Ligand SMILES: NC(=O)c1ccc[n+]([C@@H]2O[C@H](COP(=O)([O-])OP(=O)(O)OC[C@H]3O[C@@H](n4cnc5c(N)ncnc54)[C@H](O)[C@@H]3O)[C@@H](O)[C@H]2O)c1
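One chain is shown next in structure tokens, namely the form predicted alone.
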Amino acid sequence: MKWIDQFSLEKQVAVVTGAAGGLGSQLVKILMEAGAYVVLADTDEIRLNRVAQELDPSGLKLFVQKCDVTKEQDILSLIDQVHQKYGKMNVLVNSAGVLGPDAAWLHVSENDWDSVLDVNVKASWMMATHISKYMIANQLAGRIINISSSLGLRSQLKRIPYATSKAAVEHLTRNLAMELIQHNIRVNCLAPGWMNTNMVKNILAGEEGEKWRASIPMRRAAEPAELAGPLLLLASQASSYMTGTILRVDGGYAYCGIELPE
């Protein structure tokens, strides 16, 4: 095999949660273009179908499955549907996530905390648990990719539930990697920074846009295509000797200190 062929996902089946979102849909596009059949999972079925139609008008490479990743029964139903259609699952990308409130610590409610931790941490754990059980039962060498953020490492004001959840996702990654290594399932984590999704474009074009750009060592947000190499590394055989790794793709944002109160 030529080394470049290690990055191919030809005939592999990948499940992407949060696939209707700006980041999730970009991850779907990258995996599909690398040859994978991709299952798009999200609660918003209308947006899921729109993404699938835009990326794959022929309907040959993408499969839409409505799924609330905080509900165990939805996860089990997704696994059943994917098994019926493809008979296997090789890659899971836990991309579903919520940002939560833009609020100082003392103004974060219990509901704020629970809603962020449920989606960002508990759902990632449940998806990884049930899909790894499926992989083990079917003797599949699998790859699980959790999605973190620069804030999994970096302190930022008014984002405590989100930052805490992403730090938890990174430690979940390390622990799952050790638990699953004997089953030939590798678990790694992709930690993007500012990505040029519609939401981020609006922030950077707003009143505080220059302040945020100045806080990024590369002075810009990443283009979605700049996630292609890192994502394919973790999703493919090119990372066959990697597990428990946190791969940061953030222009240096996580390493440039912490945000302090004015």
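For every residue, the number given is its place in the sequence shown, counted from 1. None of the values given here were measured: they were computed from a predicted structure.
What follows is about the form predicted in complex with the named molecule, which we do not show.
*Three-residue site 22, 43 and 197 fully in contact with the named molecule in the predicted bound form at 4.5 Å by heavy atom*: Every residue of the spot touches the named molecule in the predicted bound form.
*Where, among 233-241, 31-39, 206-214, 63-71, do residues come within 4.5 Å of the named molecule in the predicted bound form by heavy atom distance?*
Among the candidates, contact is made by 63-71.
*Can you pick the one in 82, 177, 98, 168 that has a heavy atom within 4.5 Å of the named molecule in the predicted bound form?*
When the named molecule is considered in the predicted bound form, the option within 4.5 Å is 98.
_Among the candidates 116, 147, 187, 131, the residue which, in the predicted bound form, approaches the named molecule to within 4.5 Å (heavy atoms)_ = That would be 147.
*Does the named molecule get within 4.5 angstroms of any non-hydrogen atom of residue 220 in the predicted bound form?*
Contact with the named molecule, no.
*asked:* Is it the case that residue 192, even though its partner is missing from this view, gets within 4.5 Å of the named molecule in the predicted bound form, heavy atoms only?
replied: Yes, residue 192 sits close enough to the named molecule in the predicted bound form that at least one of its heavy atoms falls within 4.5 Å.
*Classify residue 47 as contacting or not contacting the named molecule in the predicted bound form by the rule of any non-hydrogen atom within 4.5 angstroms, answering yes or no.*
Within the cut-off, so yes.
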